[in-house]
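As C-alpha cells, one chain now follows by itself in the form predicted on its own.
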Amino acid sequence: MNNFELKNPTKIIFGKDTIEKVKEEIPQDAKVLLLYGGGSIKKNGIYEQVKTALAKVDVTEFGGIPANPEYATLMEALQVIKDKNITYLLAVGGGSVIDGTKFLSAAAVYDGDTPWDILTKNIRTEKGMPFGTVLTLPATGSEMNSGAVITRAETKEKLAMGGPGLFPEFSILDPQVITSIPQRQLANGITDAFTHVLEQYMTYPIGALLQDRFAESILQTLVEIAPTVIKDPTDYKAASNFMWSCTMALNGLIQKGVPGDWAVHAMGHELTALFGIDHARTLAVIAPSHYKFNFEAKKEKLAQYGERVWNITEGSTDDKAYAAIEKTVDFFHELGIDTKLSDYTKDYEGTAEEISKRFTDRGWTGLGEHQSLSPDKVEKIVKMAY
C-alpha cells in the first residue's frame, strides 16, 4: 500500500427530515447566497424547507446554475457576492450546483483579475469562502470532497479545480429527496458513482486489501439497489443506500494508499464540452474502450472485479477480465445508458483527433495510473468508443 494522508473536515448530516438542521450550521449573522439550479427545488418542497429553516438569516438567492456549471453564469453570481457583501454560500442541488459553489468559494477570495486562471493554471485554493450543501441529487460525491469541474461554453472547455479550502463545512443528505428525481437522472447518478469507484479501483494490485474491499462493496451495493432505485425511488432503504454509496464513492477514502486512473473522466469531460452529453453517459461511453485498450495493464484487477462484483468464476484471468468488461456494459445498458458515442451524435468523426490535440496543447501527455496514456493512445481509445 502507498503512503497517504487523509483529512476530510466535512460534517455529514444524514437521514430523514434533516434539511431543517441547516439553521444550526450557518452562523446567524452570515450574509448567505443561496445557489440552486433550474428551479426543481421549488416544485419538490426542498426550497420551502430551506427557506423556512433560514427564516432568521439574511439570504440572497441565485438560481439557474446549469447541469454543467457554466463559467459565464458563475461570474454573474460572483458579482452578486461582491455587491451584497456575501459571507457564506449555500448550495442546494446536485453536483453541478455544488461544483459551481466551490468555484465561487475560490473565486470570491482570489486576488487575480481572471478567475478562469484558477482552472487553467491549476491554482489550489487553501482557504475559500465558507459554504455548506443540501444535496438534492446523489451522483458526484461533491458534497464531501474538495474538487469541482467547471464548463466554459465559449471555448468548449471543461476543466477541474480543487484544494483543501474547498471542502463543504457541512452537507445535509436526506435520501427522501430522490423521490422527485426523473429516471434519467437516477440512472446517471448510479453510473457516475459506479465509474468514480472504477477510476480509483481499476488499476493494478498493490496489496491494499481493505481499500479494494471498500471499493468492491460500493460497487456491489450500487448493483444491488439500482433496479429498486430506478423503479421505485420512494423506497427509503434503497434511496439511503444509493445516496451514501454516491458520497462514499468520491469522498477521498477509497483512493488513499492506491494508484488512481482518471483517464476516463479526462476523455469524458471533452465529450461533454464538445457535444453537451450528460457527464455520466460520457463515462459509460469511454470506460469499456479504455479497459479494452489497456487490457494487459489492467487484467488482474479486471479479473478480481469480475470475481468479486459479478461472481465470474469460470475461465482464465483473461476470460474473467473480458467477461467483467461485458458485464459492466450490460449493467449500463440495463440502466438505459448507451455506451457508444454514435448513440449520442452523428457528428463523431474527428472527435478523437480533436481530443488528442487538446491534450497535446495542454501538455497532458501521460494520463492513467502509469502516466503512459499519450495523446495518440487517447485518440485510439476515443475511436474505439465511436
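What you see is a predicted model, and the numbers here were worked out from it, not measured in a lab. Numbers for residues come from their place in the sequence shown, where the first is 1.
One more form of this protein exists, namely the form predicted in complex with a further copy of the same chain; it is left out here, but the text below deals with it.
A.B. asks: Hey, of 97 to 105, 246 to 254, 71 to 79, 145 to 153, which bit sits against a further copy of the same chain in the predicted bound form at 4.5 Å between non-hydrogen atoms?
C.D. replies: It is the stretch 246 to 254.
A.B. asks: Find the only residue in Gln220, Ser180, Thr87, Gln185 having a heavy atom within 4.5 Å of a further copy of the same chain in the predicted bound form.
C.D. replies: None of the others qualify; the residue that does is Gln220.
A.B. asks: Under a 4.5 angstroms heavy atom criterion, identify the one residue in Tyr204, Tyr110, Phe214, Phe275 near a further copy of the same chain in the predicted bound form.
C.D. replies: Spelling it out, the residue with a heavy atom inside the cut-off is Phe214.
A.B. asks: Contact between Lys21 and a further copy of the same chain in the predicted bound form at 4.5 Å, heavy atoms?
C.D. replies: Lys21: contacts a further copy of the same chain in the predicted bound form.
A.B. asks: Given that a further copy of the same chain is not shown alongside this chain, does Phe14 nevertheless sit within 4.5 Å of it in the predicted bound form, heavy atom to heavy atom?
C.D. replies: It does: once a further copy of the same chain is placed as it appears in the predicted bound form, Phe14 has a heavy atom within 4.5 Å of it.
A.B. asks: Is Thr10 close enough to a further copy of the same chain in the predicted bound form to count, meaning some heavy atom within 4.5 Å?
C.D. replies: Yes, Thr10 sits close enough to a further copy of the same chain in the predicted bound form that at least one of its heavy atoms falls within 4.5 Å.
A.B. asks: Taking 4.5 angstroms as the cut-off for heavy atoms, does Leu159 touch a further copy of the same chain in the predicted bound form?
C.D. replies: Outside the cut-off, so no.
A.B. asks: Taking a heavy atom within 4.5 Å as contact, would all three of Val258, Tyr344 and His370 count as contacting a further copy of the same chain in the predicted bound form?
C.D. replies: Per the other structure, none of Val258, Tyr344 and His370 touch a further copy of the same chain.
A.B. asks: So which residues in 218 to 247, when you check a further copy of the same chain in the predicted bound form, have a heavy atom no farther than 4.5 Å from it?
C.D. replies: If the 4.5 Å heavy-atom criterion is applied to a further copy of the same chain in the predicted bound form, 218 to 247 yields Ile218, Gln220, Thr221, Glu224, Ile225, Tyr236, Lys237, Ser240, Asn241, Trp244, Ser245.
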